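So this first bit is one chain, no partners, the form predicted alone, shown in structure tokens.
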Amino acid sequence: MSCAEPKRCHHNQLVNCGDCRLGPLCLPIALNTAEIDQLDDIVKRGRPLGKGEHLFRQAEAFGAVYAVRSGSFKAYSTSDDGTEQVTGFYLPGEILGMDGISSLKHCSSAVALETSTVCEIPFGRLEELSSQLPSLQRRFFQIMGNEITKDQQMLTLLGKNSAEERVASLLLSISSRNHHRNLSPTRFRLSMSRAEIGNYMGLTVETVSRVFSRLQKQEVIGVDNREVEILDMAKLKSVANVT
């Protein structure tokens, strides 16, 4: 995508909140033009992060939340013995970094899965502005609530569902998130590896690969390396036990 079109290029730091096509997914929702300008004044648009580059690390001081502008990120925590646990994947329009709000230290790390860019929103400035703009405050509370709901759903998924249900649920989640970004809900590229999917969903990489193979043989999905096409959405929902 060429940066000659500033309202569409998400690597272009000149794109403001009012122009960004991710606005409906991000913090500016429900704000009027003047309010968006106020928010835009506090947003910092950072340089692109390369694949494998960290946005923040576990135990670092918390000072900002981040809106993914392009690319994708993996959040993970590391135990005392060095074991890594993937805690989430973040796509454009989604907010990450809120794990540090309570303790003022990040309890997880965030790493780019591909070349990615973010909007950095200093939390102190955001708190101040939210007190002045009730619609912004409500939106931020909504995002926090969504994070809690997502964590609860993940715990339920890991506690009860089969490997097929877990993988199908992840594919449906990515499909839905793509749909909300006006992208194809049936054809997309997985930026995360099979091993990262397995880590996130409590499965071995071999199990993840077997599930993908089975779904492909059943003509539920088509798979070409990391490229996925959902061929039978109704069947995929059935596998995920989604009504």
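Quick note: we count residues from 1 along the sequence shown, nothing fancier. Values in this document were obtained by computation on a predicted structure and should not be read as measured data.
One more form of this protein exists, namely the form predicted in complex with the DNA; it is left out here, but the text below deals with it.
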Response to the item:
Assert contact residue (the DNA, in the predicted bound form, non-hydrogen atom within 4.5 Å, options Gly63, Pro185, Gly202, Pro48) equals Gly202
Discussion item. Considering non-hydrogen atoms and a 4.5 Å limit, which listed residue (Lys44, Arg181, Arg57, Arg210) is close to the DNA in the predicted bound form?
Written reply: Arg210
Item to complete: May I ask whether Ala163, Arg194 and Glu206 each come within 4.5 Å of the DNA in the predicted bound form, counting any non-hydrogen atom?
Response: yes
Practice prompt. Name the stretch: of 66 to 74, 210 to 218, 36 to 44, 173 to 181, exactly one has residues whose heavy atoms fall within 4.5 Å of the DNA in the predicted bound form.
Written response: 210 to 218
Worksheet item: If you check in the predicted bound form, is Lys235 within 4.5 Å of the DNA, heavy atoms only?
Response: no
